[in-house]
Structure formats: structure tokens, C-alpha cells
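Next up: a single chain in C-alpha cells, the form predicted alone.
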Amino acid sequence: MAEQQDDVPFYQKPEWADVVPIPQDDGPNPLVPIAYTREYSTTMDYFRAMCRAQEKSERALDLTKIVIELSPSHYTVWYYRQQLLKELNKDLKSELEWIEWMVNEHPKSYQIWHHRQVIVGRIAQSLFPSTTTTSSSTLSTAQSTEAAFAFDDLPEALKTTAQELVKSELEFIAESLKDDTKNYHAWSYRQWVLAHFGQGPWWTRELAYTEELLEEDVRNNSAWNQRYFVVTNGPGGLTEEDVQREVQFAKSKIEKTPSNESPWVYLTGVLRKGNHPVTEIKEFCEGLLSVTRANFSPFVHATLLDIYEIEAKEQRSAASVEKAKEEAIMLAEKVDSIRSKYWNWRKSQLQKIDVVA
């Protein structure tokens, strides 16, 4: 997508005649020199000259685009481009359009997603200068969930602006996720967008979005991870009402696919985060044993093993120790024999529990 008026390479044009390219220095006797194409090698020679001179110009900006389209993960060039965009006061919305094209071409490039984060962060700073407190150019994609400003404190007009910007970014990310629902960089950026703009109404909509994804594919572990992020970082944090709702949600998905690890991890994670003991789901797990396909789920038996072991320690119950042993044997010999050594070790540890005779 780099702008070319003709087939003549940029370095053969008169406007570049004053630049002395700097070749790559691999030393006198490089052991395994990289076989760069002539186009890439020459382009990088000119880029090195730009960097050494610290030139902040339109042609330098054009050159970064050429290099990036040749090597999308070249983080040094991305950083230089970010400096140029700021120095030249360029239209950042146009930059977003180019980034969208780049994401479509290279969806797994971390540098592209991070660059979009930087640009959106700068747009937010320009829209909300009196409220923005964090410089997005220094944030990594998967950094903290601290908001850059308080959404509730914004005037109504700026609230609308913030919602429109967040909505646009979330829709853009959702389109990318349609091609690859497990794209880690897209999900990381999505979490940054949600958190960066504060505790707005988009958190509620995000919960619905994860539910839609899980209706389509209950084994979408990325959607489960995103749902956990939303319920634990959204407005008000994880409330008791949230815990009860999410426990029921996870149970309903486990009943459909009891051998799917994701909802089990989610269920126990929500319980721990909400300061609820895993023993609360004992009756639910025991009830699953009567379902044939669930009886062969290692996650049912592993959870029951944990529950019975906790009960044995808390109540000093010999009966609970025996139940825990049965689960360990079931796991080692039938439903998860590939980890038999681990489950047998777990069984051996049960002998150490002090019980009432």
C-alpha cells in the first residue's frame, strides 16, 4: 500500500539524491549473512541514514511505510514512525485506515497492534486533554487495566465521543477476530481499549459479546478468558450477584460439554476470585457422574478430588479421604491415565491427612 507513482524505486528519484545510504555492518567476516533481497537491503540503507540524521520529514515518513510493508515486525521503524507522526502533526485518523489495511495483511504482527494502541491513545489525549493522565505511547498492549481517565466525570458531549471511539475500535477488533478467534494480540488490544477509556457502558456490551462467541463455540478459550477479564475488571468489580450469575453460566456450559476444560477453569476461577470455596459445587459435580459422557471427563473427577481432599482436611473425615482416593484411582487408571503418575502421587498424599478414627 506504500504510495508509488511509478515503478521507479524511491532511491532512484531526484529528491533522494542528497541522502548517502549507510550499508549494514556485519563485520569483516560474517559467519551466516542474511540473504536480504536487494530491495529490502537498499531500503534499509536509506533508513539507517534517516535515523542517523534524525530527519523529521515527509520523505522520512514515507520511507517508514515502505520499510514496514517490507518487514511489518520491524519495531525500530514503527517507533521512528510514531515520532514522525507526532513531529509532523499528521492526521491520526488516516493512520488508523492504513493500520487497518496492515492488520488485514498481517494479523499476527504484535508491532501493528501496538502501533494502533499508540495512535488511539494519542487520539484520546487530543479529545480529552484535561482528563487523560496516562501516555499511551509508553503502554504495552497487555499492561495494567488502569483507566486513563474517569468516564463518569466527562461532560455528556465527551461521553458520547468516547463511546463512539470505543465502539469503532471494538467493532474493528471483532472483524479481525472473525478470521482468527484465538488472535492473542487482538484480544490484548481489546482489553486495553476496554480499560483505557474507563468504566463506561461498553463493559456490559462486552459481556454480551463473549456470550455470543461462546454460543457459537463453547470451546473458545479466548472468549472464556475475555469474559473473566470483563467480570473481574468491569465497573464495581466482581460482586456477589456477578459470582452467582457466572457460576450458573459456567455450569450450563459444562452440562453441554463436560470434557471441555475452559468452563471448568472459569468456574473455579470465579469462585476463588469471589472468595467462595470450591466445595460449593460439590453437589453439581456429583450430579454429573450420573451422565455417561460426564463420567469420563477428567475435569469432573479432578474437581471432586479437590473437593473431597479439602473436606478431609477441614473435617478430618476418613470418609472424604476414601472418596478422594476413589477419584484419584479413577483418574489414574481410566479417565486420565496419561497423568497416572501425578494422580497416584496425589493419592499418596491423602495418606498424610490426619483424620478422626
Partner chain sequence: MATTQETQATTQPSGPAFQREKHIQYFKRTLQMLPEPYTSQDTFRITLGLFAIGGLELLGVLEETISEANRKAWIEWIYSQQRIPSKDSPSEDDDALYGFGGPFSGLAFQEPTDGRQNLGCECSSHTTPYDTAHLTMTYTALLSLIMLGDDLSRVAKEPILKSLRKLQQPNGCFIPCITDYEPDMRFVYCAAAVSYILNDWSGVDKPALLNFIRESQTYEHGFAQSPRHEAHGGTTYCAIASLGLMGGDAFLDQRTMVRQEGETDSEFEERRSRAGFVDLEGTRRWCLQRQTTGFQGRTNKPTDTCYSFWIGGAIAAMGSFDLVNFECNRGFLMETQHKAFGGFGKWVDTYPDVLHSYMGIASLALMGEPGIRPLEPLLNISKRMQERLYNETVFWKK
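Residue numbers count along the first chain shown, from 1. Just so it is clear, the structure is predicted and the values come from calculations on it, not from any experiment.
There is another form of this protein, the form predicted together with the partner chain, and it is not shown here; the text below is about that form.
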Q: Check each of 98, 209, 228, 284 and return the one that places a heavy atom within 4.5 angstroms of the partner chain in the model of the complex.
A: 228
Q) Tell me, which of 279, 199, 163, 233 has a heavy atom within 4.5 angstroms of the partner chain in the model of the complex? A) 233
(Q) Considering non-hydrogen atoms and a 4.5 Å limit, does the partner chain approach residue 24 in the model of the complex? (A) yes
Q) Any of the heavy atoms of residue 294 lying within 4.5 Å of the partner chain in the model of the complex? A) no
Q.
Residue-level contact is defined here as any heavy atom of the residue lying within 4.5 Å of the partner chain in the model of the complex; does residue 13 satisfy this criterion?
A. no
Q. Even though the partner chain is not shown here, does residue 318 get within 4.5 Å of it in the model of the complex, heavy atoms only?
A. no
Q | Residue stretch of 148-156, 89-97, 111-119, 167-175 approaching the partner chain in the model of the complex, non-hydrogen atom distance within 4.5 Å | A | 111-119
(Q) At 4.5 Å, heavy atom to heavy atom, what parts of 240-274 sit next to the partner chain in the model of the complex? List them in sequence order, or say none. (A) 260, 261, 262, 265, 266, 269, 272
